[in-house]
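Next up is one chain by itself, shown in structure tokens, the form predicted alone.
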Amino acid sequence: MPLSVDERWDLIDRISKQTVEFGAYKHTLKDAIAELTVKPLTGLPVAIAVIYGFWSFFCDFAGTLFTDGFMVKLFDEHWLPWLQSVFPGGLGNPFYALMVDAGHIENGVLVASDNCFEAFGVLTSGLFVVFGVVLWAILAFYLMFALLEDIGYLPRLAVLVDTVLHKIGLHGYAIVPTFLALGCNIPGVTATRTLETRKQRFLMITLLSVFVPCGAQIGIMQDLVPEMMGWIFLTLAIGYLGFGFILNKIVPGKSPEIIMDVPPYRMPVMKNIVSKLWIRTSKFLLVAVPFVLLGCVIVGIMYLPQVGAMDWLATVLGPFLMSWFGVPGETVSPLIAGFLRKDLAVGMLGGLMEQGIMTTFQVFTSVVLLCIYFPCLATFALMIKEEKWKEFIGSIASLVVMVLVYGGLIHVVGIMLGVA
């Protein structure tokens, strides 16, 4: 027999008396920390300290301990020389150049490479980028992200940045797709599904695909140009907020207020951490390895003297790159490779740096251009899936405009400072 409204409330009252205990509230240390980390005055210094600790662990674990301390020595001192000695063909052979070492010209003579960044081979540069640099960068990033997620800090960070992100049409929870994209753009774009409106999803996907480098790319940049990392991230952050503000004014639609639960701090569960780390890292490697190796093959074929495609593209596009962005024509090949994998493309810049082709400011400009000029192929494919065709065209059009405008502005700033 159905209960009346009064009978339902009586039943609720009886159940609550049997299950709810009332007592004096005790303010614990955990409660005090939770309050301090969500208030701007105390929360912002804590956020800066957390991000600094996050970055320090990332650099020390991925860059110093594994990549520089072990993998560089393994690949450059053992793997590369061994392949150069046993692989059939030798310098000048097209198949050898594609798989092991394309070599480089010194005083008119083709000489062998002494490191994997210069070699450009599928079995050298390709494997070194994935297993020598990227794997450890991704492990470090997702380990720290999983810890912050399990502890309950990310919702507090979302509350802290909510006011700033509202200026660009987003709300605080957009910090989660942004952080995920710093590991890999693909889960970052996927996480935009949690945003409420089409406008917010369009803004987030567009900004992620332009101004947020993935963990693999960051790992390569940290290995190649550690002294420039602060300037690179500052430049990307200015672009993220500046163009986000402009897009928010142009793109129609609503940007609702943030409504979210801020859970209490909890001890992380090791089983959860390991599970998240395995799922995210394995999925990344399934995407990264094929595209990096494919990128090496495509770029290697275009570099072959018998094909001559890269020299032709450098001749055609070189004047525009030099006049508009202030970078040499040799950056054409990394830009092409960047469409397949950004980490591979930044690694190719390392080879150009070793050859002394670029100045310091040109290296800085080239790295920023690789970050912003186009999403990698996997992210590009996901954008097609996640956006309606009008939104997708809008994202690509916005991307082209932002690259031309921002890249040109960086060149102008370099000229004004006398370093371009």
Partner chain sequence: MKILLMGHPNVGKSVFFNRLTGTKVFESNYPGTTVDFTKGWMRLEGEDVELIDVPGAFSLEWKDQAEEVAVKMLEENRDSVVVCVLDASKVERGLYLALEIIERGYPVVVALNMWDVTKDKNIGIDVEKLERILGVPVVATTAISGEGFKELVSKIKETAPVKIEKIIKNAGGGESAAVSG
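Positions refer to the first chain, counted from 1. Bear in mind the structure is a predicted one, so any value in this text is a computation, not a measurement.
Missing here is the form predicted in complex with the partner chain; even so, the following discussion is about that form.
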{"item": "Candidate site Q18, P155 and L195: all three near the partner chain in the predicted complex by heavy atom within 4.5 Å", "value": "yes"}
{"item": "Stretch in contact, per heavy atom within 4.5 angstroms of the partner chain in the predicted complex, of 224-232, 171-179, 327-335, 86-94", "value": "171-179"}
{"item": "Contact residue in the predicted complex, from N272, S323, T163, T315 (heavy atom within 4.5 Å of the partner chain)", "value": "N272"}
{"item": "In the predicted complex, the residue from I12, L404, A397, V412 that sits within 4.5 Å of the partner chain by heavy atoms", "value": "I12"}
{"item": "4.5 angstroms heavy atom contact with the partner chain in the predicted complex for G253", "value": "no"}
{"item": "4.5 angstroms heavy atom contact with the partner chain in the predicted complex for L3", "value": "yes"}
{"item": "Non-hydrogen atom contact R266 with the partner chain in the predicted complex at 4.5 angstroms", "value": "yes"}
{"item": "Distance check, D311 to the partner chain in the predicted complex, heavy atom within 4.5 Å", "value": "no"}
{"item": "Residues from 275-289 in contact with the partner chain (non-hydrogen atom within 4.5 Å) in the predicted complex", "value": "S275, K276, I279, R280"}
